[in-house]
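In the form predicted on its own, a lone chain appears below as structure tokens.
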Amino acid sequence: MPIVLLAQPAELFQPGNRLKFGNYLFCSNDYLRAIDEFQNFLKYKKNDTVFFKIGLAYEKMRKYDIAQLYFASYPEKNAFYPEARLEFHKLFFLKKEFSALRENVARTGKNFEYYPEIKRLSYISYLFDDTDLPDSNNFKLWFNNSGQKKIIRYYRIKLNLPQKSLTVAGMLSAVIPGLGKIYAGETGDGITALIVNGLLGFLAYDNFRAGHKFRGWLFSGLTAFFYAGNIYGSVAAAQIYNNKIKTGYKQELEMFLERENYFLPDYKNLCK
């Protein structure tokens, strides 16, 4: 019977083998264990590529603050400095710290290798917050023809989001109880509010006419209470409607950007 020589446990923990295993884990999206192998490898040998992969692994795990510390630590003369600074800016975007992203991009010189990419991210960030959109012509400049058509679609959607006016919703319900809720898309609640307010108003009137002052004032108070609540509820309904529209828009935009990898390099060569 042939004798099979098994690798000794000590050999498995040699720096070269730890690096190979870490790369395998990284490319298999097992980022937590990859980080452990990479960090153990770095105890024996400095390697900028491995250090960069650790930052990317933390980014993939959505530990954005830790990842940003890794990318911020690269000196300017390092070969990975441009990519590290690109990821540093990208993390502001992923953390939804859009003002910080724009401020950092504004401080970055135009001779930076990935300046068009971070400038593009800066423009995309306007599609997510309540800041006024920049001019569409300036917006288009930073995207190629295929990307330009796709992103301008979202620019136009945001510019014309079907929002409901809170003032109009309140005024409509002040004139006819429940009408503001119908305007905000809550037809069932609007009809219910109209019936309840109408019924309470009728009971107040009927009791006053019958000489039952106490019950008349009681139902009058209830009518006023539900009338005011109906106005407030209509404004709230319009606000909820607007939030749903914004949330749906942002979710669709986020999925699109993820598919496009935010128009940034994807570093596939790190797994070759």
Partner chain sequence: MKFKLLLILSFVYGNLIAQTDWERWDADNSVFQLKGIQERDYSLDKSNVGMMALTALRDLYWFAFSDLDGDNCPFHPTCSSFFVEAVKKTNLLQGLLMFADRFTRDTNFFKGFNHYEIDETGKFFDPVDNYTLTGTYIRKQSYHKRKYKLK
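Numbering follows the first chain given and starts at 1. What you are looking at is a predicted structure, and each value in this text was computed from that prediction instead of being measured.
Unshown form predicted together with the partner chain; subsequent notes refer to it.
Listed stretches are 234 to 242, 209 to 217, 66 to 74, 46 to 54; the contact stretch with the partner chain in the predicted complex is 234 to 242, by a heavy atom cutoff of 4.5 Å. Taking the partner from elsewhere, Glu117 is found to have every heavy atom lying beyond 4.5 Å of the partner chain in the predicted complex. In the predicted complex, the partner chain sits beyond 4.5 Å of every heavy atom of Glu103. Contact annotation for Asp189: at least one heavy atom lies within 4.5 Å of the partner chain in the predicted complex. The closest non-hydrogen atom of Gln251 lies within 4.5 Å of the partner chain in the predicted complex. When contacts are defined as a non-hydrogen atom within 4.5 Å, all of Asp30, Lys60 and Val196 contact the partner chain in the predicted complex. Interface residues of 203 to 232, taken as those with a heavy atom within 4.5 Å of the partner chain in the predicted complex (partner not displayed): Phe225, Phe226, Ala228, Gly229, Tyr232, in sequence order.
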